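Just one chain is shown here, as structure tokens, and it is the form predicted on its own.
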Amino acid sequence: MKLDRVGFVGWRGMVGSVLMQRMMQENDFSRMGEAVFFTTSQTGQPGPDIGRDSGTLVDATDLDALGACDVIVTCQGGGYTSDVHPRLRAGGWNGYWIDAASTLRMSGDAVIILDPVNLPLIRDGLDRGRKDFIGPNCTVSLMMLALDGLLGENLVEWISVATYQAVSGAGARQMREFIRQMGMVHDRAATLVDNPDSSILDIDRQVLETLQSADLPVQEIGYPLTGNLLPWIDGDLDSGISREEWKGSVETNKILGRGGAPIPIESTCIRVGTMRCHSQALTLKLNRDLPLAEIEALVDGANDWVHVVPNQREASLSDLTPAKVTGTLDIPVGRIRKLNMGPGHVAAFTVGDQLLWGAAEPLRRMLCILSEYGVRGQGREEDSARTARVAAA
């Protein structure tokens, strides 16, 4: 059943642009009636090219226009969600809210969406009348897709993960600044680099001077990232862990519906100088000491996107890198091996595109799930049958 009226907010930003690109590739706009595009700055201008009429841009703070939508998909950010979502709900809007921001993820009324892993929980949420469906943290979604086969068989006792997160996770302005940093480092060392008689120590000294200079652009990232790494991402929870590291545990367990029996997950999250792929080094304790071939088979066959890379030097260097994976939906998992720490201890390494499965793709697929599930009428209209099921539950 087509969705009658779907609103899009934040569709010009980095995640929103990838979402639009994927929806065009998959012909998703044919599954809905009217697509309404909202803006915070260009009201009245023509809508985007989506292969059909997209009207004119509507003010993203117009609660009446938003409230006329069956579904709102937003990539606008947490500030927008915090401002608009509660006012819409307070005004009686009963439509579906699909959001890339983290603001509502841990709300008791929200479902975190990663359908290759938790489609039954998503469908149960729909049946129970849930209306807020929120995209997961990027590293969480990529890790869970990689480990889907082991998590689905309830084989994981605990996880320790070191993440190597791309600058895209910080935002588009940070990506631009990262490139400017690279350019400045090269420009200031170029004469030495091009001179075959120059000392490599002189080149190294020049690079370090540039990274430590006051005119290196760091307004967005805060620190040098070129030739460097940043061993802290997101806010400080005053407990020795960052908010990004906290998300790894709480979001994973919520996606799995394991609030009563959570899997212990510990993370160390690191920002590295790649553009848009997150990598993760995983140490797992399985509750059964399975043969390595069986572990690989479970990982490889879990979903349509994950695949095992043989634990060999050339295969790892060729296929298990951001340069290979960027722009694809592939989730390669490699370096799988048993550890000398004891039975059931396994290591693995995985890579995934932060803007696809890490951000836009779960939102796109949730729209498809709603289309298949069926939405009646306007967002304010009550689904009496669903309400009865919720009351009975």
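Take the two forms, superpose them, and find the largest set of C-alpha atoms that agree within 1.5 Å; that set is the rigid core. Everything numeric here is computed off the predicted structure, so don't read it as measured data. The first residue of the sequence shown is number 1, and the count goes up from there.
Omitted from view is the form predicted together with a small molecule, to which the following refers.
- This chain is displayed without the small molecule, yet in the predicted complex the stretch 349-357 from 328-336, 349-357, 26-34, 48-56 comes within 4.5 Å of it by heavy atoms.
- Proximity to the small molecule in the predicted complex, defined as a heavy atom within 4.5 Å, singles out one entry of Ser267, Ser168, Gln181, Gln280, which is Ser168.
- Contact check for Val15, Gln76 and Arg176: all three have a heavy atom within 4.5 Å of the small molecule in the predicted complex.
- The small molecule is not shown here, but in the predicted complex it comes within 4.5 Å of a heavy atom of Ala101.
- Mapping the unseen interface onto this chain, Ser41 counts among the residues with a heavy atom inside 4.5 Å of the small molecule in the predicted complex.
- Although the partner is absent here, Leu145 is not a contact residue: none of its heavy atoms lies within 4.5 angstroms of the small molecule in the predicted complex.
- Residue contact with the small molecule in the predicted complex: Leu151 places no heavy atom within 4.5 Å of it.
- Once you line up the core between the shown form and the other one, the Cα of Ser41 ends up 2 Å or more from where it was.
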